[in-house]
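For reference, the chain that follows is the form predicted on its own, supplied as structure tokens.
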Amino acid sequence: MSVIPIINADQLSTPDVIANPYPYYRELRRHTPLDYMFLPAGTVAGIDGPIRAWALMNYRDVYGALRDHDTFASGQNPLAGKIAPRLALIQDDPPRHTRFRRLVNRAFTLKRIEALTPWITDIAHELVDEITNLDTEVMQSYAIPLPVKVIARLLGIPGEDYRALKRWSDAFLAFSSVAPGARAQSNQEMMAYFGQMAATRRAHGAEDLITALVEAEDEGESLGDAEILGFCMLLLIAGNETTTNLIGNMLGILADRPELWQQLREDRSLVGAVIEETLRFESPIQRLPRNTTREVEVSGMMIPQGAAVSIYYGAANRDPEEFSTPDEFRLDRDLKNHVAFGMGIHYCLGAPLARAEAEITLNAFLDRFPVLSRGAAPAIRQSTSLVVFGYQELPLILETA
């Protein structure tokens, strides 16, 4: 079968499309799967040419690939360890993934999250209390520090180190905007930091996730040093990037809908629906990679064995075949089927924590600010990470009573 040529498919990894991908999804979705330039030449040290992948964008194909982890594998990526250090779970397949998930499930429990809720609420209100200007840039003042401080608390990392954690996390995801050498140096600093933390916990345990990982055992097996580092990096990156962008996207959406803001102030039962529709409408994670373990036919196209595949969560969540009027933000949808947190064995481990932080945030802002609207300066979308969708800067007018 021949590949349908799409003139602008290679623009999917460009800054303009990263910042505003949805018009491209509308154009390209019906033609997928399609072959496109995933990373330009020079992005990965030691690889001269561009790196290509197959994009899956319609809901049916994305859902099917997420459920078929045998064919669309996470641990077969030949670039793992070259672009960035290998992450546990997200770049693993069964049986290794099954063992890791079982271990970390015991460390990352709903009970642990519930116990943190009062502390998260206190941090949220402290950050809101510091918002004193009518026109405030909320990414730096709130949406970034809250999730990073929460994941630092979970891991048992000093709160004052959150800025370094955020810097490492951003560099890890900035495949195309940070030079390979600088990104490698940042990754090494992050690994050395977590390595020192793990060594300290082996000597002196504490009530935190790093200690839980160090002490975790499954049928007599414990995690090795490299595996613990992989988990720490995963929890840092996934634990703050998803939630930061969920919070920013949610506030940006509501700033454009003053009637909905007033409705929410009067009826907090709608808070959960706002969070779920935000996850669908502006998915914080836009795409994640897989590799095919066999030749497979998807929507009439043959994808060869060993091919890189990009699973486009953001495009699937706007597929009109699954969600009517997908480009409208509506609270009357059945949102059980959105794939913002993935599906199948790789469903996001931190989804309950992200939802809890978003709910605490929205209620804190609703309590404090009767009026929410766009600030005087324009908002700026991030345009460097292929993975996430969110704001670099989001100025908002926050009027107190």
Ligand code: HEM
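Note that the structure is predicted; figures quoted are calculated from it, not measured. Just count from 1 along the sequence shown to find any residue number.
This protein has a second form, the form predicted together with the ligand, left out of what is shown; the following refers to that one.
Out of the listed residues 89, 157, 274, 228, 89 is the one that sits within 4.5 Å of the ligand in the predicted complex by at least one heavy atom.
348 is the sole member of 28, 366, 37, 348 with a non-hydrogen atom within 4.5 Å of the ligand in the predicted complex. Although the partner is absent here, residue 248 is not a contact residue: none of its heavy atoms lies within 4.5 angstroms of the ligand in the predicted complex. Residue 313 belongs to the set of residues with a heavy atom inside 4.5 Å of the ligand in the predicted complex. At the 4.5 Å threshold, heavy atoms of residue 101 reach the ligand in the predicted complex.
Although the partner is absent here, residue 213 is not a contact residue: none of its heavy atoms lies within 4.5 angstroms of the ligand in the predicted complex. Heavy atoms within 4.5 Å of the ligand in the predicted complex map, among the stretches 237-245, 298-306, 125-133, 322-330, onto 237-245 alone. Taking the ligand as it sits in the predicted complex, the stretch 271-305 comes within 4.5 angstroms of it through a non-hydrogen atom at 279, 284, 285, 288, 290.
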